[in-house]
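Take a look at this single chain, the form predicted alone, given in C-alpha cells.
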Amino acid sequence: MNIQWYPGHMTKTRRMIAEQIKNVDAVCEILDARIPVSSRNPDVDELTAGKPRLVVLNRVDQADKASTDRWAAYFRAKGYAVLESDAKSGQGTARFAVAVRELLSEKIRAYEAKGQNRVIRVMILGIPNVGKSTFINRIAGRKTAKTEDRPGVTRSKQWVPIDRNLELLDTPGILWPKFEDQSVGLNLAFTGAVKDDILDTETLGCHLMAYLGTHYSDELAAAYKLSGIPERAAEENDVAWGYRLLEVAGKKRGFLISGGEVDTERMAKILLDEFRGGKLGRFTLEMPEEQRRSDCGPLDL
C-alpha cells in the first residue's frame, strides 16, 4: 500500500518545533486515548529530548475505561505526568494548569527563590485531528485555535495566554512519512486522523469490524442489535471475516440493494461514522502490553 501523504507544512512544523523547543519549559503531548501508540509521532521524543513531558489522554469518553487506566499507569512509569480528558465536554481540562505546575514545581520554586515571577511556557504537540485545538480552547476558556473534525486544520504556530503566568505554544499537527506497521496506519484511519480518501472505506470497515468482533464482541452485538457475532473460520483473514460482519450488520440495518445483496460499502461508512462519534460504545484499539509491532508489513503513506 503506497500512498504519499506528508504535506509540506508538516516538514515546516518539524523544523519549527526544533527551533522553538529552547523557548519552552515543558512539552504537552496530546494523544487519542483509543490509540495511544498510533497517535504518538515517534519523532517527538527526539525533537523534545530533555524537556519535562505531560501526556494528555484525550477522548477518554470514547475509550475503554480499564484500558485508559492501564495506559495512564504505563506513561507515568516512563516518567511522564498524565492527564485524562474529554476536550469536547471539558472533562479533565480544568486540571491542566495544576498538572503543569506540579510537573515544573522544582523550576518554579527555583524562580521564586530568586524573586523571579516568570511566565511558564508549554509547547502543545499532537498529530492531526487528535483534538488538540478543542483542548486548547477549553483551557483558554475562549476560541483561540481553529477546530474542525478533519485532519490538518491548524497550519501555523501561535502563542496562547492561559493566565498571567502560563502560555501555550500551539503547533500544527505533525505526522510522519512512513509507518513500519500497517496497524498504525489503520488505527489512524479508523479514528479519522488521516483523510478518508487515503484508504478504501469498505476495506477499512472490514478491518475495524474484525478488531471489534475479536475484542469487543458483546458490545458490537449490542450496538447493532445482533443475537450474536458469527464465529471466525480458521481460514478467514481480517478482511474476509470483517466483510461477513459488515454483511450481518448491514442486513440488520436494512441496507439492501438489488437482488437482496447487502450494501457493505454503505455499512462500512456508517460503522466508521458511528465509531468516530462514540455511538457504538467505548473501545481502545491498543493495549500497553501490546508494544510489539505486528507482522503486517510496512505501510508507506
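From 1 onward, residues are counted along the sequence shown. Nothing here was measured: the structure is a model prediction, and the numbers come from that model.
Unshown form predicted in complex with ligand G4P; subsequent notes refer to it.
Enquirer: If we define contact as a non-hydrogen atom of the residue within 4.5 angstroms of the partner, is His207 a contact of ligand G4P in the predicted complex?
Expert: No, His207 sits far enough from ligand G4P in the predicted complex that none of its heavy atoms falls within 4.5 Å.
Enquirer: Indicate whether Asn187 is a 4.5 Å heavy atom neighbour of ligand G4P in the predicted complex.
Expert: No, no contact at 4.5 Å.
Enquirer: Just checking whether Ile127 would be counted as a contact of ligand G4P in the predicted complex - the rule being heavy atoms within 4.5 angstroms.
Expert: Looking in the predicted complex, residue contacts with ligand G4P include Ile127, since a heavy atom lies within 4.5 Å.
Enquirer: Ile139 versus ligand G4P, in the predicted complex: is there a non-hydrogen atom within 4.5 Å?
Expert: It does not: once ligand G4P is placed as it appears in the predicted complex, Ile139 has no heavy atom within 4.5 Å of it.
Enquirer: For the chain seen here without its partner, which of 244-252, 38-46, 59-67, 260-268 has a heavy atom within 4.5 Å of ligand G4P in the predicted complex?
Expert: In short, 59-67.
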